[in-house]
Structure formats: C-alpha cells, structure tokens
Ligand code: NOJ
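Given next, in structure tokens, is a single chain: the form predicted on its own.
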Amino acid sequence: MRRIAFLSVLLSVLVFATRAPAHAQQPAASTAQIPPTETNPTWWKNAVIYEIYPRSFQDSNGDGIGDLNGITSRLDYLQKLGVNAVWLTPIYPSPQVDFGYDISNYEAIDPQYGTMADFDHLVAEARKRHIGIVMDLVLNHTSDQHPWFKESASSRTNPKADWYMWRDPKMVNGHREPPNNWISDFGGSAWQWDPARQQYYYHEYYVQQPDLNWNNPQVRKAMYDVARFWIRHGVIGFRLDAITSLFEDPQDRNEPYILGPDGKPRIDAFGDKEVEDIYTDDLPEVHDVLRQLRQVTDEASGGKAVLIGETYLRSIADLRKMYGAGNDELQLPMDMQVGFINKLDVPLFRKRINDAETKLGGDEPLFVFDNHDNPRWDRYQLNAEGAPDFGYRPYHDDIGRVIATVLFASRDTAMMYYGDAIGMVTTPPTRKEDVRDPIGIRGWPKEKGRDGERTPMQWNAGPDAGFSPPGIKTWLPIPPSYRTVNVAAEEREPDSMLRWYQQIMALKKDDPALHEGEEMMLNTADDHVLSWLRKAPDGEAVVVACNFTAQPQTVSLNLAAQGVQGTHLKTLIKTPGAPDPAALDLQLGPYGVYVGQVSQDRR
C-alpha cells in the first residue's frame, strides 16, 4: 500500500539516447519441474514469485475486468516462464474504493472475479503445474462496509466497539479537531469524524479503510482464523499488506514535520505538510504479531506456508529484524532498498546488494523492482530533458536486461510483476477525467495515481491485446504499445525481452552457482560496471557483469582473491550481438550484460 514518491527521485536518473544492437545466446527455458510445495517446506528459497493484479491479467467473461478463470487459462504461460508461485492482489468482496484493498468479507470471493469454486479450481490447476497460490492478506484495515466496522461504529458499547482505532476529539477554542497531526498516505488527515459515535477513527489510507485495533486480542484471533481458512483452501502463503503499519503510538504524539531547505515543512502532492512516520510505522509491537502469525500458519500448513512482508523500511538493520531473532517471523520481508534505488548507480547497487548478502544473518533476501503501487522498471529511463517520460525510449530493452539480470542472477528469491517479462511500460493517464485511481483523482496533476502500472496484460496484437474479447471496453485502456509488445510476438523472436527472461530464469533454477551459490562483489572500484561472482558449494563459479552506462566498457577480472583458478569463461547468456570474451576480459556494449561460467580452458 505504501506508494513511493518517484517524481523527485526520477529527476536524478541517468539520461541516455540511442539504441544498442540486439542478439542473445539461446539457452532454452527450463523444462525441469519446479519442486512442489507439498514436499519442499523451503520451496520459497531461490524461487520466483509472480505478482498478478487480477483485474488486469485476463478477462474470461467479456466484462472488461480480469478474473480467476482468466488466470487459470494462462497457467501454461506461467509454467513455461518458470514461475514457482503466484501472488494475487486482493480478490475478496469489496466496494472497490481501493480496488480490493478495502475488504468487506475476508472469507469469500468478489463476484467480479468469480466464485469460491473458481478459486479452488485455480489452486488445483496451478498445483498440477507445481505453482503455488499466495493470497494478499490485508491485516491493517478493512472496508468501512465490513460488518465489523458497521457494528463498531454503531455505539461505544457494542461488542466490537474496540475493534478499530477510535479517539475523542481535541477541543481548541471550543472547536473540534483531530487528535493529532497524523496524515493519510493517500492525502489529508488520517482521522475521520463519525457522528454516531461522536469520535474520530484512524485510517492510514483512504477514509473508507479504517484501521483495526491490533491491541485487541479478538481482532488478532479473527485475522488468524482468516489465515487458517485460506490455508484450508490450498494457498501456500500470504503477502502481508502494510504489515509495518499495524500499530500506532499509544500516546498519540504528533509526528515531526519533514523540513525543506528553507526550514519550513515540505508540502506533498496532496498539499499536506509532510511528516515523519516514527509514531505510525514499524513499531516494536509488530514483531509480536508476526511471531504469532508465523506460528498459526506453520501449524495450519505443516510448515509449508510462507509469509511475505510489504516492508518499506529505513535501513538494512530494520529489515533484518523482520525475520525475527529466531527466524520465527517473516521468511521473506521485501528488500525495497535494492529494487527501488531508481537510478542506475553502480556503487549504490553494489552496497545494497552486498548488505543483503552480508547483513541479514544469512537469511534469504527478497528482491523486487516494481509492483501495482509503483511505476514499472521503465522508470529507470528519462528523456533528454531529464523529465520523467514513461514508455519506449532508447535502450529500453537493454536496461530491461540489466534489471532482470540483477533480479535473477543475485542470491535471492525474486519477485516480478505481470508484464515485466515482455517489457510492458508504465502508461499513466494524460487527462484527469481518465483517471480511475482515487490517488490520482485527488493528487492530479502532481500525483497521477497508479493506473499507469495497472494496464491490462498484452497477450497478442489482436483486438484488446487478447485480454478481453474483441470490442469490449476494458477497465483501463490498452496501451498502444501492445501491437509490438505482446507475448505472442515475443515468443516468436529469439532476441526478445521474453526470451531473455525465460533464459535468465532458467539459469537461476538450473545452474548450481546461480541457484544456491554464495555471492561476492568484483571490481569494487568500478563505478560503471556492476560485476559479481556466484560460487556453488561444489566449486562451480559464474561471473555476472552489467554495464550501467550508455558507453561501452571493458572489464578485466581477477578471481584469485575469491579462490577461483579458472582463466576463461563459457558464455551462459549475453546481450544480443555482444562478442565472446577473451580469457577473463569482457567487452560490454551500452547497458550490456554478460553471464559466464568460469573454466580452466577456452570453450
């Protein structure tokens, strides 16, 4: 739920101009079976988790909205790609104010997506292909249309009166004011006056998304029962939305303002004074809930269910805490510190990846570069004037290969977003009247909302890109790029983005060094090329090098310090058109990538 403010960050991203040549090595996509979750309790290590925004993946019934049966019909594509698990953003009944993150019933399916029978069918068909289903579990808040909130709001004495965060007003000169200066992530005060109770309720997000009171044991039990319910329906884990926001300061202290260079509070896109979130995010009490939830899901699933945290945190030390002192909290807190650097900065990438390798106590990092709340990886591009310009720009595919290589050739579990593998681009609306996301409606024009990263999946060049039957008005417009950027076209092209994803994902799964090897940074004084070594327990070594610039670069490797004696490289995958290396010397074109196995002899 926590959206990153990209516009200010993007102004510092690299600028580039012309397109590089194309060619690629052709290791086939992996045909090895993915270990089934039923027999592998640590299936999530080194796995690939694929996020699907159900509204935008595949429409099976012609209403312009994606659905569960549409996802089921595309499982063969996901299997061929090499996906281990699919994370579904919320599919529960909802008024759809926040497109499903405002939940009115946690134990049912919203009719626009299908039925519980459709969900069970999806789980069964996915299991046949050794793909697990991960549900989005929204613990922080419900819809204001949820029966729990309706009862809670009815009086101060009802059985659920303390299930939400209610506060008396602060009286100033005889006027009613909110209890403090906390603001909503989606704009405005985080406090909403309720006339029936004559109190304010707290909402970290929209007014229609009241926060639950996690100090109440009954709330905990109800939510833990929700997790048990979906595990009985076959899910193999949960992505925990806004998990660091469960608790707030019991003293209701004002947040400190974030000051600008002039010493005055900064103003955000919604016109609010920006505040630190030290009293509303990442409080210590969160860890108690995570330990309890881990115990619940371990018991319900026999230890096979994974907990994935949406964890936008301040430091690698804070991220380390999310695993738990005894590895008894999250198996996979998201490491946003790597994927959301938002500029091709070699020293910073090197430091952040090395931090994940050395400062997490050996726990598994989960890298992610984009999702339904943030622009796609084409945000790493800018036009010549230095302003954000999403879409196909020079070097688009080349930078895409760099991003994919960092994601899949690092020692991590990799989380990807639908459309990444074909290079779908962020396509924000150009007029306010076309905006569907309430964030964009409220924040326009500084904040255009999240519609641009949620456009329908591009399956082919036919009408409606194969997402809906021809002639259907889709819930968001199909980007014009679908005519050339689509699954069908890229499956036919040996050097396409889709082929690169298939190949690098196959290497992650099948190559011992890339699957389970330790990771060591190389040439650490080089500010242009990020290079690293993956070394398997059996001694096999693989070198990875990514040129982060639009200029050709030469890389000379000396692996003696890493205990690797080979003097030549066997190419596993490389940027289209790139030459094979001479010994341990690499010639990388603009945004060029090379992955090769170290050997004693030229092969």
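Worth saying up front: this structure is predicted, and the values here are computed from it rather than measured. In this text, residue numbers run from 1 along the sequence as written.
Beyond the structure shown, there is the form predicted together with ligand NOJ, which is absent from this document and is the topic of what follows.
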Task: Touches ligand NOJ in the predicted bound form: Trp377 (any heavy atom, 4.5 Å) - done: no
TODO: Answer with yes or no whether Phe186 is in contact with ligand NOJ in the predicted bound form, where contact means some heavy atom within 4.5 Å.
DONE: yes
Open item on the list: Taking ligand NOJ as it sits in the predicted bound form, is Arg239 in contact with it (heavy atom to heavy atom, 4.5 Å or less)?
Closed with: yes
- [ ] Consider Asp373 of the chain shown here, and say whether it contacts ligand NOJ in the predicted bound form, taking contact as heavy atoms within 4.5 Å.
- [x] yes
Task: Interface segment, criterion being heavy atoms within 4.5 Å of ligand NOJ in the predicted bound form, picked from 271-279, 93-101, 218-226, 346-354 - done: 93-101
- [ ] Kindly confirm or deny that Lys160, Gln192 and Asp249 each have some heavy atom within 4.5 angstroms of ligand NOJ in the predicted bound form.
- [x] no
TODO: With ligand NOJ left out of view, choose which of Lys509, Lys304, Arg454, Arg197 has a non-hydrogen atom within 4.5 angstroms of it in the predicted bound form.
DONE: Arg454
- [ ] Sort through Arg401, His146, Arg450, His203 and report the residue having a heavy atom within 4.5 Å of ligand NOJ in the predicted bound form.
- [x] Arg450
